[in-house]
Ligand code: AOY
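So this first bit is one chain, no partners, the form predicted on its own, shown in structure tokens.
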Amino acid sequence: MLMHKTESRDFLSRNLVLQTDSYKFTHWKQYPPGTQYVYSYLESRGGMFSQTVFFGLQYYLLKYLCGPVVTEEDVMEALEFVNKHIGPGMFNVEGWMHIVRNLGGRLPVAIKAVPEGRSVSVQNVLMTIENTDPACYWLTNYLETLLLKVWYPITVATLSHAIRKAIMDKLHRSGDPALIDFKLHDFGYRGVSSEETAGIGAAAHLINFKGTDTVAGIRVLQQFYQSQEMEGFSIPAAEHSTITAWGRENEDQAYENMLTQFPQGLVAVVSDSYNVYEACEKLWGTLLREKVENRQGTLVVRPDSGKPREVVLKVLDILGAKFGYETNAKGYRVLNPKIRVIQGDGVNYWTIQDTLTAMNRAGWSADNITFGMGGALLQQLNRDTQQFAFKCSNVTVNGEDRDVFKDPVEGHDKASKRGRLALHFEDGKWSTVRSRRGVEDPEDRLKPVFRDGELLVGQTVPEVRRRARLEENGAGKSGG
């Protein structure tokens, strides 16, 4: 029997009390008697990159934790669920009802974090969280399941940032660095696991670049990062169906239609439906050449199959022979401004660099190409890409602070930090140091962002982008 839409919506309605791992329902029974406060932190223990770009926490705070987020109905639903799921007596109904009745449904926790957009060396604290009500000592790590998901936007932002640096290096060598903002285009909307993933991941990419086809990312920035602007841009572009629908014998008409329908500005046309080399030489470069050159804008040819390095070089050589090129002041060839290339298949962190290196060696400037990246940007990564961990490092029991840590004999790389923590930046280096309760550390780069249901700092897109550009602008040692 199919449910009506309203029934389905009710069934899938959000209940923060149930947004945790099953075993955490029982953890309130497991802390030492007299536990008042539990203090935990987030870090990247290492991984693919030596630094991570912190981004996305504000989304989770605003969407899930701000304001009254727990009701009596939520608690009763969770009680019934856990009684059936694990067994009677396992759910902390009194603890959650304390939050509902005495705290107005607001979560009694304090969170400090690195300013969003900042790059921090791995193995350093990025965020801390502690309960503010001693009756809710169990809440800190109950929220781990939700808050640790910030690994995803951080990892996407980190990957995208690393690609920006790699492309910028090649632009400095062979072309115009001012073109960087549109050198990596997000093609990942269809390749992710959910609408929320698309929004968060694409927003993280837009901290580093401004080109995207993933609409959800722009909407996340507009809603959760105080944006009143259009934060991502795209252009008219063909897909295979809009070309192949004309039939192979009419491929030239399909291409000509694109030039006619979009007579100005940038337009991208996928050109590998049959033979990309013939398309570049015989159709774009011969039959339609005059129309391309007379058009008020730039045609972007898109190869979409084969090995990127090999295909791009061959396409550039053909287009260069047909449309001509100039040699820039750095000694590299730049195609006629009426035509460019976007590579959108087989694109990842390594193939981008491989392709650009091959182009430079062949005398082609990085100005000639843009990359479109889909699943490799938003989906082909996981929590272990940067080895993210959320661990308790301090508890307060009967007024006494205790260090908490783990150091497995068979996994010293998983040893956790001890005590209360602060993040310092000095002489261009990040370090995590010990701190003390109630003692303010003026050098601490972790800033209060959330307390007792309230967002304390609203970070904007320009602010986040500015921090992400610190190294690029020669200010990387500021730590700001």
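Numbers follow the displayed sequence, beginning with 1. If you're wondering where the values come from, they're calculated on a predicted model, not measured in any experiment.
There is also a form predicted in complex with the named molecule; it is not shown, and the following applies to it.
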Which of 329 to 337, 149 to 157, 83 to 91, 233 to 241 sits within 4.5 Å of the named molecule in the predicted complex, heavy atom basis: 233 to 241
Heavy atom within 4.5 Å of the named molecule in the predicted complex - residue from D133, E281, D213, E251: D213
Among I342, L299, L356, V125, just one has a heavy atom within 4.5 Å of the named molecule in the predicted complex, namely I342
Within a 4.5 Å heavy atom cut-off, is H205 in contact with the named molecule in the predicted complex? no
Using a 4.5 angstroms cut-off on non-hydrogen atoms, would R190 count as touching the named molecule in the predicted complex? yes
When the contact criterion is heavy atoms within 4.5 Å, does A268 count as touching the named molecule in the predicted complex? yes
